[in-house]
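Next up is one chain by itself, shown in structure tokens, the form predicted alone.
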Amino acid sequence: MKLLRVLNGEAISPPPVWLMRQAGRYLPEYLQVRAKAGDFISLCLNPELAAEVTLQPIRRFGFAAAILFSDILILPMALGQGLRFAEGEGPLLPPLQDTSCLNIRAAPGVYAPVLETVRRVRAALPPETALIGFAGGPATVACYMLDGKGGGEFPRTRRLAYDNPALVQSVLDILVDSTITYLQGQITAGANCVMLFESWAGIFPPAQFRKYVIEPNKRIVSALKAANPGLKIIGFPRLCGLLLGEYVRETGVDAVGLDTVTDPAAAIAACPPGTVFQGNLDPLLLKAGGAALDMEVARLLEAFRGTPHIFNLGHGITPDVPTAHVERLMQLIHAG
């Protein structure tokens, strides 16, 4: 598998490609399945349909990896916190006042359909295509659990980090343990590597970033690697800025996803030798297309030449991206 070769430290030209949120609303075939499912959570928990939408972008574009179709908030839902997706508002949860409603032992029974999706996808994928399992990073998932919704800067979570750090830490501790179990289930079911999405890592100042992002990620990485020798783990500490190198060194991730605002040369200089980089095309350029897309793809390929690199976006693909632009992206990358 080309993706695993790069995760093992090999610099390959052209690099393997996959896109964050590659299964989703920019694909007409996804919209058909989504309508059949009824609602987003039902789609995530229907192994037949979730496997189908995971496979759709592989069939259409031939990406080097499929990533499980699910959501980072399936885990808090499985732990017992209510979850619903409101049209135009995104995810909504009852903001946690304490951890009494969370039941880590009951969670595997709730997310069992997700593990069945992993099994189905791995069985259906071509042998050269990797399957990426994933979970939300504890800090990011805790933000949703404590604020009860996304968007903005998670003001309640940030205030609680100062006013009630014991509550924040207790939520993180539960998430660390349950995330280890959840990702281990995905690995056992057939995921070839896993990714931690710390999409809101950048809202925390340095001391809290070390406590709430680095330390929980380190615990997860250490436990999974101890149980699965040779496992490769990708971290995505979005908007962490100058703390990128420290995140990689301290957590022990093998690869790091770079957000849109991170300069490749600065990232390479900041991180330990042997770090694998993933990213970091601006999703807006994928929507715009044209000469601007062509130029930036060429620039990124050159910036990472000779370095183990997985081509990706700096954040998720948006629903308004034309599929023709994704086809053009693949042509540009394979042309080198």
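These numbers were taken from a predicted model, which means no experiment stands behind them. Residue positions are given as counts along the sequence shown, with the first one as 1.
Beyond the structure shown, there is the form predicted together with a small molecule, which is absent from this document and is the topic of what follows.
Participant: Decide if the three candidate residues I67, G90 and F134 all line the small molecule in the predicted complex, where lining means a heavy atom within 4.5 Å.
Facilitator: Every residue of the candidate spot has a heavy atom within 4.5 Å of the small molecule in the predicted complex.
Participant: Looking at the partner-bound form in the predicted complex, is V321 within 4.5 Å of the small molecule by any heavy atom?
Facilitator: Residue-level check for V321: no, no contact with the small molecule.
Participant: With a 4.5 Å heavy atom cut-off, would you call M20 a contact of the small molecule in the predicted complex?
Facilitator: It does: once the small molecule is placed as it appears in the predicted complex, M20 has a heavy atom within 4.5 Å of it.
Participant: Should F40 be counted as a contact of the small molecule in the predicted complex, where contact means heavy atoms within 4.5 Å?
Facilitator: F40: yes, in contact with the small molecule in the predicted complex.
Participant: Although the partner isn't part of this model, could you tell me whether Y212 comes within 4.5 Å of the small molecule in the predicted complex, counting any heavy atom of the residue?
Facilitator: Y212: no contact with the small molecule in the predicted complex.
Participant: Have a look at 156-164, 67-75, 215-223, 250-258 and name the one stretch with heavy atoms inside 4.5 Å of the small molecule in the predicted complex.
Facilitator: Stretch with heavy atoms near the partner: 67-75.
Participant: Can you pick the one in T129, S199, S178, N192 that has a heavy atom within 4.5 Å of the small molecule in the predicted complex?
Facilitator: Answer to the contact question: S199.
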